[in-house]
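The form predicted alone is given below as one chain in structure tokens.
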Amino acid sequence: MLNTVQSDTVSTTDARQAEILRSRYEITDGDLERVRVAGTAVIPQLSSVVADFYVWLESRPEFPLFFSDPDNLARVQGLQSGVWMTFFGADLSADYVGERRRIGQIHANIGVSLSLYLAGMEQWLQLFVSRVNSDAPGADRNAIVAAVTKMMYVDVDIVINTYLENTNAVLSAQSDSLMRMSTPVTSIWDRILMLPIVGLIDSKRAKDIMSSMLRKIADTQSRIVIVDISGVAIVDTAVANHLLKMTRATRLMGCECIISGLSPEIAETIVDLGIDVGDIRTTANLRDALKYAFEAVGISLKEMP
């Protein structure tokens, strides 16, 4: 049932996108008919068009990366013919958008660069235009070429947006991984946790840090958590408020939070901003924070001579 709902949602989105693209590139019913007319000239020659395209592609340095296997080359050429038969069918619908989106995902997944894709689309356009009936009246031929070009813009639009979506998804996943790696809550001693924070703190990261820290406190029944901010690039009102929320949340868990690594510059900034740190325990460096934490859990430290 869930898959059916998701499929219906995707189909609705693709149908809406088809309408947007048609409006964006001012594609009329007459344009779609002209693309079909162009297809009557191109489709009978499609095998030679595909062959000519791959002669061009062989001159590109990327060719051996994707087509070193002759069987794979033959398979892709066959698929390419099907793609262009659909193109000249000129049915700008949800199914068409969905198919083009899948093509974009395939290109992105196998590592085809956008520059190569765009150069290839330009080459396809030139090959198609050269096969449009040159005996047709000038105005008609120009209108046909313009219509084919508009449909080509639609394909490029869909594929480029798919590339961007894939890229953004990868970057988001990488960013999440880096955030998790950059905010490790570590148990450094029985009932003592430490969390070194490096870089910038925004609302999302602060929420992730707090959730991770509170879970660790609950799992370890810790009494002290040291949050070291010596590696935080900027401390402004928002960052200070995030730190205050962290300390209050840990207190509710029965755990004391120590903020360490306050440089003179950070301390001055907090004072200038008029931020009330209340009864939050702070230390200038990690050494002082560790000393307090050990004493708080009943561990005495002996200074080396």
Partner chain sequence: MMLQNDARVTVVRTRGRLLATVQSDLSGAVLTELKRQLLGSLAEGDCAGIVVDVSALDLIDGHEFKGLRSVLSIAGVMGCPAAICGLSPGVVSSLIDLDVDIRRLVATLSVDDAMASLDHLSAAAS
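Heads up, when I say rigid core I mean the largest set of C-alphas that superpose within 1.5 Å between the two forms. What you see is a predicted model, and the numbers here were worked out from it, not measured in a lab. Numbering follows the first chain given and starts at 1.
Just so it is clear, the following notes concern the form predicted in complex with its partner chain, a form of the same protein that is not shown.
The candidate stretches are 44-52, 242-250, 25-33, 58-66, and the one lying within 4.5 Å of its partner chain in the model of the complex by heavy atoms is 242-250. When you look in the model of the complex, the only residue of K150, H107, R141, R191 with a non-hydrogen atom within 4.5 Å of its partner chain is R191. The contact with its partner chain in the model of the complex, taken as any heavy atom within 4.5 Å, belongs to A218 out of A218, L79, A119, M85. Remark: all three candidate residues (M210, L214 and G254) come within 4.5 Å of its partner chain in the model of the complex, counting heavy atoms only. For L214, a C-alpha deviation of 2 angstroms or more is recorded between this form and the one not shown after rigid-core alignment. D52 is not among the residues whose C-alpha shifts by 2 Å or more between this form and the one not shown once the rigid core is aligned; its shift stays under 2 Å. The two forms, fitted on the rigid core, differ between this form and the one not shown by 2 Å or more at the CA of R191.
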